[in-house]
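We begin with a single chain expressed as structure tokens, specifically the form predicted on its own.
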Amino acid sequence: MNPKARELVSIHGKPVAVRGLTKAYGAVKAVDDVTLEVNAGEFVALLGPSGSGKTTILMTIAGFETPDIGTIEVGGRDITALPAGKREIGMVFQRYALFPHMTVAENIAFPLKMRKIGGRDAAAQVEAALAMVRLEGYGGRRIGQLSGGQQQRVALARAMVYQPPLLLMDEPLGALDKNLREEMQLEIKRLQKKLGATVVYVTHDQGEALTMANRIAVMSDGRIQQFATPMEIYDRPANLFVAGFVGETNLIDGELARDGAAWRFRLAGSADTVALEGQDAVDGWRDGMRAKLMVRPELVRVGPIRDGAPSGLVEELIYSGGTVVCMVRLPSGAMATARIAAADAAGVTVGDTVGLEWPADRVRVFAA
């Protein structure tokens, strides 16, 4: 490879700071006083449903939207007032935005051309970018000759070829089928780690965020509901929205019950209670207060009925490879889901009344 091509093996990612960002469209606040700090070389996902504000934040960082209030810094430099073309930020869109009349190499070289870089230097950087996304030898092809996954790799190469300190990605895998999307998730993460790039990645796919990001900002109604590692968000969601939005979960109705100095949770429609060991009492908790208990399906065990413990009627068993999803109707009428090993489900049949257990230190309770 040309020695110049080796220059692309590292992108010096820079930190990003969004402070007090607010953006309204008429009477609607798309982003409401958001502060977000991303470390150099970190992969941060903005995760939320449509209308949560995640894309508006990305477009504001990119310079395609102007904030009403707030500042944006990259590498300690205030870029709030800079036009998009002066920010030196790489961007990957969901629809790739590739030029169909250009070859693959011409598409990748386009950002270099805009920066007056040409000749052998540009050719070497394009060659290196193609090698990085494993498309060596594809430079002369037209975009229409490529598969969706190959087009996405070209879009990545184009965003990285001039070594920007920050890469922004807006739902970049949304147009791919499931298997290819999962393959590209790993590929993007591999490239990001290899290059040391700073990435801010917008997605509504919780599995994608959990797989790829170092930290996730979960958004709703223009605000960040929780900004933490994937493990923290999955195991210790900050509120009911995060608990219900990220991952499969059971949210079981009931009420808080004082047990001396400790607390228990009484399930709706029964006298059954469960211990609460993994969560300190929250200010304002009262005996008898309505609440919801969150427990992940993979933590629920199905077994014999025990006095005072939750139980229910098995209504459905769904085989899903190595596990079986067991749907259990609780006395309140609500459904609880247990995801159990296929071997453990051998003795369970539809119509059985079974006991339910879970680790007391792995549940979360939210006052209703």
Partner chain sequence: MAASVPSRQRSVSLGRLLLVFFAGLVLVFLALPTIVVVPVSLSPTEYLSFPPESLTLRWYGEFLTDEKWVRATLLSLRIGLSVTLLTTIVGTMAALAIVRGLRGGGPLVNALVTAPLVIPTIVYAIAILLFFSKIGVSGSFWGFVFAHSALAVPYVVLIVSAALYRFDASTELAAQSLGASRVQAIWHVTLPAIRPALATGAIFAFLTSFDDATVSFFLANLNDVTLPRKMFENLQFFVSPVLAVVATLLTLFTLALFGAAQWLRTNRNG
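In this text the structure is predicted, and so the values were computed from the model without any measurement. Positions refer to the first chain, counted from 1.
Keep in mind that the form predicted in complex with the partner chain is not shown, yet the notes after this line are about it.
Asker: Of these, G288, G76, G85, G118, which has a heavy atom no more than 4.5 Å from the partner chain in the predicted complex?
Answerer: Comparing distances to the partner chain in the predicted complex, the residue within 4.5 Å is G85.
Asker: With the partner chain left out of view, choose which of R134, R190, K178, R95 has a non-hydrogen atom within 4.5 angstroms of it in the predicted complex.
Answerer: It is R95 that has a heavy atom within 4.5 Å of the partner.
Asker: Quick check on Y162: any heavy atom within 4.5 Å of the partner chain in the predicted complex?
Answerer: It does: once the partner chain is placed as it appears in the predicted complex, Y162 has a heavy atom within 4.5 Å of it.
Asker: At 4.5 Å between heavy atoms, is L256 in contact with the partner chain in the predicted complex?
Answerer: Output for L256 is no: heavy atoms all beyond 4.5 Å of the partner chain.
Asker: Evaluate G140 for contact with the partner chain in the predicted complex, applying a 4.5 angstroms cut-off between non-hydrogen atoms, and reply yes or no.
Answerer: Contact with the partner chain, no.
Asker: If we define contact as a non-hydrogen atom of the residue within 4.5 angstroms of the partner, is P100 a contact of the partner chain in the predicted complex?
Answerer: P100 belongs to the contact set for the partner chain.
Asker: Just one of 198-206, 294-302, 119-127, 106-114 has heavy atoms within 4.5 Å of the partner chain in the predicted complex; which?
Answerer: Stretch 106-114 is the one.
Asker: Suppose contact means any heavy atom within 4.5 Å; which members of 60-91 contact the partner chain in the predicted complex?
Answerer: F64, A84, G85, I89, M91 sit within 4.5 Å of the partner.
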